[in-house]
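Take a look at this single chain in structure tokens; it is the form predicted on its own.
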């Protein structure tokens, strides 16, 4: 919060120039919402009323190079200052509306085009530069009360349904802020079409992907979003692969939490909320997203492989095709899809290697199979969280209240899984295959004097690498003698 206020104070000279020209700068949208919620305000949006776009551009140029990031929508940025500067506008209906910039529109009318009341608030920066922000919030649609009551409400039903992406925005907002849509919003989202109201085209994958990424990265319980889709009857038509997990039973000895859907939801919640960054497990936000997305998909093969004895042999292999089907509907990122599928395919292997007391060569072979998309450390994290997402609902509820013996026992189980992970990680670190496979000792240049480049050289090097991995031979001359013999 202090960082945010410092940023606003640094912008005072720009605000004063705008005010001197007759303009009014407003802090709007998610910036105000996050300020009220006492969360880090990362995206600062400032809307300028009462002056023209050309006048705003002229003022901003005094403070650095100005570029349009959305000239059609009247959005400008100053290089080096992470703030969106815009003018109020009136939109026609549809996903790609005809935009009319109108600097003289009232702040209430400008806020009316926002989707939810919690996003439809503003702060008049010309009045609060040296005063309390909270006392000067402009809130024409009751956003402050909705935040207090933990409610999500649409500002205007007729406006809300014009862009079907807002269904996914509700999904990620309710999970991020742990708020509940009111009955009206639930009913709107039950019926809202997933196609543009004017063009009839489906929402682009890229737009859906952005909302899913926010859901998985910015919420402690992303399961709330999928649970809500299930509640309003939209899970089946939006994520049929996840819907198919509902009611798929599992052996209670391994999965006391219930069906595969419940297990999957628990794993993504653990991955999203577990403080893994402090444990140095997630390198960055992209890796965290990869892990959560992989856990969302890791058991998608179980509906087709679970038999009468509740065994699901081969579910990891079958799950790859199902995961691809789901992922291709929300992203064109082939590398991400391939990475998730690798983690889905091999998510059972770390446990199998540990329980089978496998030789070092087995670990090394697995590291080779994971390349180039993912590595052994990432696979270990997926396996760990798969184990942690197995709590009976009574235990989860109790953990939010006070300790009981069942909870304590469950924590002991968690410690056991962390210990298994540490053993696995220690093993791959010692073998130096934590972030990639073992590099070949014998290279083409080492045998150029005896073998010409071509298929024969390739076969010789392949054999040398196999001996290196399987037998642990790392002496270059010894390998050379073996393969050339």
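Residue numbers count along the first chain shown, from 1. All values derive from a computational prediction rather than experimental measurement.
As for the form predicted together with a small molecule, it is not shown, yet the points below apply to it.
Quiz item: If you check 231, 329, 113, 108 against the small molecule in the predicted bound form, which one has a heavy atom within 4.5 Å?
Solution: So the residue touching the small molecule in the predicted bound form, by this definition, is 113.
Exercise. Work out which of 119, 375, 264, 250 lies within 4.5 Å of the small molecule in the predicted bound form, going by heavy atoms.
Key: If I apply the 4.5 Å criterion carefully, the residue I get is 119.
Exercise. Indicate whether the small molecule has at least one heavy atom within 4.5 Å of a heavy atom of residue 43 in the predicted bound form.
Key: Flag for residue 43 set to yes.
Quiz prompt | 4.5 angstroms heavy atom contact with the small molecule in the predicted bound form for residue 139 | solution = No, residue 139 stays farther than 4.5 Å from the small molecule in the predicted bound form.
Practice problem: Would you please decide whether residue 151 lies within 4.5 angstroms of the small molecule in the predicted bound form, comparing each non-hydrogen atom pair? | Solution: Residue 151: no, not in contact with the small molecule in the predicted bound form.
Exercise. Give a yes or no for residue 244: in the predicted bound form, does one of its heavy atoms lie within 4.5 Å of a heavy atom belonging to the small molecule?
Key: Answer no; every heavy atom of residue 244 is more than 4.5 Å from the small molecule in the predicted bound form.
Quiz prompt | Location of the small molecule contact in the predicted bound form, chosen stretch of 26 to 34, 446 to 454, 61 to 69, 419 to 427 [non-hydrogen atom, 4.5 Å] | solution = Within 4.5 Å of the partner lies stretch 26 to 34.
Practice problem: Please state whether every one of the three residues 166, 172 and 176 places a non-hydrogen atom within 4.5 angstroms of the small molecule in the predicted bound form. | Solution: Yes, because 166, 172 and 176 each have a heavy atom that approaches the small molecule to within 4.5 Å in the predicted bound form.
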